[in-house]
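This document opens with one chain alone, in structure tokens, the form predicted on its own.
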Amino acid sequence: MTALRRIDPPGLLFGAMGVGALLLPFLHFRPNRIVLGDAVHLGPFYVAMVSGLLAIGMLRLPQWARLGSGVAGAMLLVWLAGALAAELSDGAPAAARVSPASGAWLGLAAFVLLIADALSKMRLALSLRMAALALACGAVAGLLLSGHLAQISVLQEYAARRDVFAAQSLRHLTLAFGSLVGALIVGLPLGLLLYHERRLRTGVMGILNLLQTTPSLALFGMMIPLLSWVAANVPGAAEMGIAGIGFAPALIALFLYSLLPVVGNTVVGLDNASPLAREAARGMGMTPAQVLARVSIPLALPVIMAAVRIVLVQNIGLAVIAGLIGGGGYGTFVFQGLNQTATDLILLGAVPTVAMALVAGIALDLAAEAFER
């Protein structure tokens, strides 16, 4: 029983994940980007090092020690991936590829979860968590710029498409943030209207719920004939870039998906603003407009920020589907990779999407907490 008390339950789960990862292939060495290739496992020395770091994370130790083991384990796995990839690529044909296998991904996930668990239990101040996020982003950027992972297959795909990747990154950001801005411009006033005119809520929210539950591919498909007609019959529409396929239908579809969270959270936030605060403001002689602007809206900001987080993370993911209709973004690489049976090309689109959504979600969580305080 004494030994069991020294085990941290989440750490035990992460440790089991890490041990399972050590039993799986760490890398795959392939003659070209399509074939499966040969599995590469970690040697006994590195297995012992990773196991030791996992053991530290499993124990009820001070959280800084568990955090340190998680950071050290993640750094070790990344360093091993780059070093082994460079070793395997030395003297190999130009078409050869070295890609992370299931063991590398699962092991990295175990250490990242350990880091997140330790940070949550440390209850750091908001400013320190913001600094930790900035430090993590800077460390990842520095690692990528260092060239240590240059022989990893995903980064070889990036090197061959550097200019295209930059253009599609900008397109992906434009789709995600442009649809969010449009939803805020339309959704916030609409939410204010529904807050004052309760009789309109059922109809408007019903329409927005219907749009939200429409499958993304179906909504993109419905945009094609509609915008094709607009481009053909409305003067100047085609010159503005409106067409049945491409950027415009993707942006409009994402905008429509964004309306429900923005409108719904605006109404809920205003409804739940403290009645005592509003009454006190009226007692001070404020007009209804002043009460709304100076009391109700500031109190509703955390709920509205939660909607912004939902919309941005949702749209970063949904923007991948835009690649199917020529809308650009990281979906371009995902669907090209699917057509070519090239896993590395799929990851070139999928990994930045996941990373962008993760960073946006954490950053907006911190911003919402700052507004609430």
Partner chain sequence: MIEVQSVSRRFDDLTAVEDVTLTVGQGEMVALVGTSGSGKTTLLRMINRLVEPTSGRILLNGVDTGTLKPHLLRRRIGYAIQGHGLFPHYTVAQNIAVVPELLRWPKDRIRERVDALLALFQMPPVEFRDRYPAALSGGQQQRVGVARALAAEPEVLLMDEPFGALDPVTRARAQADLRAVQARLGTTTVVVTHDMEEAIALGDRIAVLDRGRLVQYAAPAQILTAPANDFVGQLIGQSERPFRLLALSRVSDHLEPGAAPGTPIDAESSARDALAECLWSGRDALPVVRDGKPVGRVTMAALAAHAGGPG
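This one's a predicted model, so the numbers in the text were calculated from it and none came from an experiment. Residue numbers count along the first chain shown, from 1.
The same protein also exists as the form predicted together with its partner chain; that form is not shown, yet it is the one meant from here on.
S.K.: Scan V71, L113, M286, L155 and let me know which has any heavy atom within 4.5 Å of its partner chain in the predicted complex.
M.R.: Here the answer is residue option M286.
S.K.: Exactly one residue in E279, E87, D271, E197 has a non-hydrogen atom within 4.5 Å of its partner chain in the predicted complex; which is it?
M.R.: Partner contact (heavy atom, 4.5 Å) among the options: E279.
S.K.: Where does its partner chain sit in the predicted complex: which of 156 to 164, 175 to 183, 128 to 136, 289 to 297, heavy atoms within 4.5 Å?
M.R.: Result for this chain: 289 to 297.
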